[in-house]
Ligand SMILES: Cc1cc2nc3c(=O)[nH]c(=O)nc-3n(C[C@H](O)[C@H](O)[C@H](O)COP(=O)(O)OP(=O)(O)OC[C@H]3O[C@@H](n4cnc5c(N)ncnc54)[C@H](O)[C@@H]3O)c2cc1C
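Before any questions on binding or motion, here is one chain by itself as structure tokens, the form predicted alone.
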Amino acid sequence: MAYDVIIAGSGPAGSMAAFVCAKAGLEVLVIDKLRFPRNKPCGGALSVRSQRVLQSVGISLPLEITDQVISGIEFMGPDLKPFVARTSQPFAKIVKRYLFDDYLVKQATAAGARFIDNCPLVRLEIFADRVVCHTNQGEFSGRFLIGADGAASKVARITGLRSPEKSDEIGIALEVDVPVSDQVWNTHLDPSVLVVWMLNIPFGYFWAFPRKISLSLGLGGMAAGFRNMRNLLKGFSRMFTRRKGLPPFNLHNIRGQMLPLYKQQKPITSNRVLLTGDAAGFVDTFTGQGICYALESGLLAAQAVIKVRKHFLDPTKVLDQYSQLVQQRFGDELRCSYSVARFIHSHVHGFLQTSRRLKCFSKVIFDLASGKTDYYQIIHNPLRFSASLFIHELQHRLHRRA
């Protein structure tokens, strides 16, 4: 059977592309090298912007997938003086990644896509009119191939769209889930607050994200600057429990994940192949956020394939259009995220001191998380951005005096 599109990888990017293509009536095959449901090292913060992308295609998340609703971030820098920035509305949800990813792929199959897990890609053949995927479970042919198989994308390697990155071109994250008793919440920890400590990690930070019955502890940053990451994570755990008045955590099953750094745009299409999500390098260098861009790129890739299939358009022109749409949607934003990360990590103390004093900092957090603004808009229109913050800060102070 020849499919309209084969999708390698069933994370958020792949499942989004599969769902949209299947809803449009295309014949869709999704393959994944792992058995589902599967765990993935990830804090699991799903921004308001990500939630809106899901809603735009008709996907609503069941309550059991959401662990916590987030409206604050506790920051701490090298001065070891923490402070909490709160937003007036929740800006994120914490989701269990194994349930979230499994739910999305089930939405795709319910829409008509075929899903085969435990099916690693072995070899690719690309012809003028089709792509042939050779796997451990057989040979599959499709008119297009969407690579959604993560930062170490085999699709990207085989097609030559990605070469092995240098250590200053990739990020690394470690994460461990530690159980937390019910009595700890609201006595020692606030379940509505993310903990982000920027303690001398190159282009990165330590995190503690609340779940229902556990805490996600992790660290992430540029690979070039890391030594003994496990020891760093253990040190963070000791410091965290001591400062929060908690008994020591036992860190079992520490997991690692490679993350691309979006330093410059590289090709994301080749012949009949489109890259999405981490496979295309779509990760915010400053925050490490990737789910939002995975969902958005999966949607754009699906729309490009649908155009070709439904309207008999030239595949080359439509794939070029996909690249252009990605650039317009978030390419400049991600490119600027590298500059933002470099600047802030070079001035961590000043950044946090300023953020502590300005109540409008919480507005920046929400505006970024909701997609109301982005790094590119801030950098390229600083006067307008500064004026809006000044007005917000003035309104807050006048209201407080009243």
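One rule holds for the numbers: they count along the sequence shown, beginning at 1. If you're wondering where the values come from, they're calculated on a predicted model, not measured in any experiment.
Omitted here: the form predicted together with the named molecule. The next part is about that form.
Problem - Which of 354-362, 32-40, 367-375, 55-63 sits within 4.5 Å of the named molecule in the predicted bound form, heavy atom basis - result: The contacting stretch is 32-40.
Practice task
Could you work out which of Gly288, Gly331, Pro315, Gly77 is the residue within 4.5 angstroms of the named molecule in the predicted bound form, going by heavy atoms?
Solution key: Checked against the cut-off, the match is Gly288.
Practice task
Could you tell me which one of Val105, Cys133, Ala173, Leu300 places a heavy atom within 4.5 Å of the named molecule in the predicted bound form?
Solution key: None of the others qualify; the residue that does is Ala173.
Handout entry: 4.5 Å heavy atom contact, Gly204 and the named molecule in the predicted bound form
Key = No, Gly204 sits far enough from the named molecule in the predicted bound form that none of its heavy atoms falls within 4.5 Å.
Exercise for the section: Tell me, yes or no, whether Ala18 is in contact with the named molecule in the predicted bound form, where a contact means a heavy atom of each within 4.5 Å. Expected result: No, Ala18 stays farther than 4.5 Å from the named molecule in the predicted bound form.
Practice task
Evaluate Pro120 for contact with the named molecule in the predicted bound form, applying a 4.5 angstroms cut-off between non-hydrogen atoms, and reply yes or no.
Solution key: Heavy-atom contact with the named molecule at 4.5 Å: present for Pro120.
Exercise for the section: Please run the contact check for Ile146 against the named molecule in the predicted bound form: heavy atoms, 4.5 angstroms, yes or no? Expected result: Result no; Ile146 lies far from the named molecule in the predicted bound form.
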